[in-house]
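This document starts with one chain, in the form predicted alone, laid out as structure tokens.
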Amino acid sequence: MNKNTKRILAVVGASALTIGALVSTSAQAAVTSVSLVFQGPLSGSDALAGQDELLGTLTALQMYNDSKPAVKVTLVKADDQGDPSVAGPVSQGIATNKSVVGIIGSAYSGATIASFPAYKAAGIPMVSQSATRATLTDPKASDNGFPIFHRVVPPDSVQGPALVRWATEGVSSPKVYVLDDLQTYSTGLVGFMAPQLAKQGITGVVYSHQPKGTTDYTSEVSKIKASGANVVIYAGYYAEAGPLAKALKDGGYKGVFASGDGTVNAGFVTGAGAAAAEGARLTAPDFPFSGVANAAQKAAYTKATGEPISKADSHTYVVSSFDATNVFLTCIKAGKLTRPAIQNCINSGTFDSMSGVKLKFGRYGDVVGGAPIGGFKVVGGVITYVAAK
């Protein structure tokens, strides 16, 4: 075992949280308990994404705990940094924990794919809150997650066209420049933009790439300006989208800057600066917490996180993480306490979502009937929901 692997497993082991009252049906009866894993980036350049999503999971667990459950649930936080090379060892360590009956995650598509071998071999069901790559639920794809993978968000086959529509909305004679970071999620998203661009009659689209971790976009901005583009669509994550938006502003670019759900994070505004981020158009298969949560859910959020509701909407994928967690908790409440039992429960059950929509999973893990994509815009330094796109 190398030093990095030891560190990863130490993070997983040290971050277990016990949540739920210990209830025994009789003096002789043993207390029943299971473990759920929250897997996502909790450190590294994408840490804010995982930390945001964790808030939704903690809220769902708070409500479960307050219901005085008969089964204790232990939450294990698994930090995969959103990196496939880290997710592989993390998932291997988790898979050996016999108490684990489900994975909330992973948050990122690449990390999800890297986790499939360990979780498939162990038969641990997964419900992701934000992994949107279409191949994850495509039975013809080599990197699909059948039969264990499910997700509460629609795939990029839905988000890609919505992002193009929102990026070009109201733009006269749009000239589009598409930039990605060569990551699994990003290239998949770009693949679903192309047909929509053609459908809208937008030709001469420029496609370019800058690897994840890029900090200097000066040369890319020069190419963007030389292309005459009045719409730039970035497929990647907020850690790189911020510096890119800043470089565009500093370089005198006056057109639209748009990006997908990887950028819907307060870290984007921080990285770009409020002035450069202003007006950015973003999409995500998620909605503001305060707009869909009921009074009990809002109270549970504050109790679980220590934050006032006024801060909830500054975090992303809180609603989706709540929903993903609640799928498992619904099955556990129904007495499904083994991996196979929970897998069958997820496949056959119907689940309540925070928005009030009933969730039912199809054979390959997507929600039957899909879900809308939210359009967001940065207004006054705040990522603000506009409308479904």
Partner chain sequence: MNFSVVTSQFWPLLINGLAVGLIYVLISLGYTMVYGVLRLINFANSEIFMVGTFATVIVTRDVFHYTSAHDALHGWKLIASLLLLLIASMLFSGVTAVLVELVAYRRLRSKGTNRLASLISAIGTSIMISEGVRILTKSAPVPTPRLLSKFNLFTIGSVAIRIDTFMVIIAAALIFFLVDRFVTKTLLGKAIRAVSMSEETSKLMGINLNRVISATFLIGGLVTGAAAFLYMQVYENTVFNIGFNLGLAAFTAAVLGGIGNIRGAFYGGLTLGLFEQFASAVIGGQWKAVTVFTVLVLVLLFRPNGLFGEAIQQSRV
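Positions refer to the first chain, counted from 1. Computed from a predicted model, the values in this text were never measured in an experiment.
Note that the form predicted together with the partner chain isn't included here; everything after this is about it.
Chemist: Given that the partner chain is not shown alongside this chain, does Thr96 nevertheless sit within 4.5 Å of it in the model of the complex, heavy atom to heavy atom?
Modeler: Thr96 lies outside the contact set for the partner chain.
Chemist: Does Leu182 reach the partner chain in the model of the complex if we count a contact as any heavy atom within 4.5 Å?
Modeler: Yes, Leu182 is a contact residue.
Chemist: If we define contact as a non-hydrogen atom of the residue within 4.5 angstroms of the partner, is Gln196 a contact of the partner chain in the model of the complex?
Modeler: Gln196: no, not in contact with the partner chain in the model of the complex.
Chemist: Using a 4.5 angstroms cut-off on non-hydrogen atoms, would Lys246 count as touching the partner chain in the model of the complex?
Modeler: Taking the distances in the model of the complex, the answer for Lys246 is yes, it comes within 4.5 Å of the partner chain.
Chemist: Contact check in the model of the complex: Leu48, Asp216 and Ser222 versus the partner chain, with a cutoff of 4.5 Å between any heavy atoms. Do all three pass?
Modeler: Yes, all three are in contact.
Chemist: Please identify the residue among Gln210, Thr305, Ser290, Gln297 with any heavy atom within 4.5 Å of the partner chain in the model of the complex.
Modeler: Of the candidates Gln210, Thr305, Ser290, Gln297, Gln210 is the one lying within 4.5 Å of the partner chain in the model of the complex.
Chemist: From the list Gly279, Pro117, Gly251, Gly123, which entry has a heavy atom within 4.5 Å of the partner chain in the model of the complex?
Modeler: After the contact test, the surviving option is Gly251.
Chemist: In terms of non-hydrogen atoms within 4.5 angstroms, which of the given stretches 266-274, 148-156, 309-317, 125-133 touches the partner chain in the model of the complex?
Modeler: After filtering at 4.5 Å, what remains is 266-274.
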